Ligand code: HEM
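Just the one chain here, laid out as structure tokens, in the form predicted alone.
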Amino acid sequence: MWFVRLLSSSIGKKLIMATSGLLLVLFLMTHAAGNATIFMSSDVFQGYADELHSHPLIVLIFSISLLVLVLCHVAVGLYLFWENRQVSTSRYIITKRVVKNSFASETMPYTGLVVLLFLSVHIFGFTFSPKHVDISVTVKNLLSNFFYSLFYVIAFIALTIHLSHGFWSMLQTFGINHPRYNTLISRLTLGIPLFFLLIFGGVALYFMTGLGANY
């Protein structure tokens, strides 16, 4: 029962957000490593994709786990946003607020929804792509479309903004906050989101600009 009470409390919800956020960041890191093979050649990327999908049970378990993580993160995030909106209407809170939230923190639910829209488009475009067509060919065909790639770039800019606050908030929830490490924390808060933008946004730009024409 104590576990249920913890998860239903404010700190419990923040722990769900932080834990699911951490696991999603770890997924993004592995996904970025796989996607980076696109810059090597279509054969290397296709080999990576074929090896990955040669273990269908692992892929299925991983996909279901990822779906649960995303749903938990979105649901709890929207609930916390609603709670904060309710509290912010209080005269007491308004008069006591001293520091204005950053742009990233204020737009968390909106950038999150952009990322969620991107996931829907991404899954529809790639997961449900024709099975007889190599995934490397599908990647080139879809991302060679200027507007499709432009949407990807915008989505990853939104992800960068989202993570720039989310990563810091996650560390605060886990109690990682010490003057000795604040410089490192600030660099990670900026560096990790920019790393994802460089890899994922770079893949879109690679095809969008025609650099991947011979891919």
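Given the structure is predicted, the values throughout are model-derived calculations rather than measurements. The numbering used is simple: start at 1 and walk along the sequence shown.
Separately, the form predicted together with ligand HEM exists; it is not shown, and the next lines address it.
Q: Only one of these stretches, 167 to 175, 34 to 42, 181 to 189, 52 to 60, has heavy atoms within 4.5 Å of ligand HEM in the model of the complex; which one is it?
A: Of the stretches listed, the one contacting the partner is 167 to 175.
Q: Should residue 142 be counted as a contact of ligand HEM in the model of the complex, where contact means heavy atoms within 4.5 Å?
A: No - in the model of the complex, heavy atoms of residue 142 and ligand HEM never come within 4.5 Å of each other.
Q: Considering only heavy atoms, tell me if residue 163 and ligand HEM come within 4.5 Å of each other in the model of the complex.
A: Because a heavy atom of residue 163 falls inside 4.5 Å of ligand HEM in the model of the complex, the answer is yes.
Q: Classify residue 137 as contacting or not contacting ligand HEM in the model of the complex by the rule of any non-hydrogen atom within 4.5 angstroms, answering yes or no.
A: Residue 137: no contact with ligand HEM in the model of the complex.
Q: Looking at the partner-bound form in the model of the complex, is residue 25 within 4.5 Å of ligand HEM by any heavy atom?
A: Residue 25: yes, in contact with ligand HEM in the model of the complex.
Q: Between 64 to 86 and ligand HEM in the model of the complex, list the residues on our side with a heavy atom within 4.5 Å.
A: In sequence order, 73, 74, 77, 78, 80 come within 4.5 Å of the partner.
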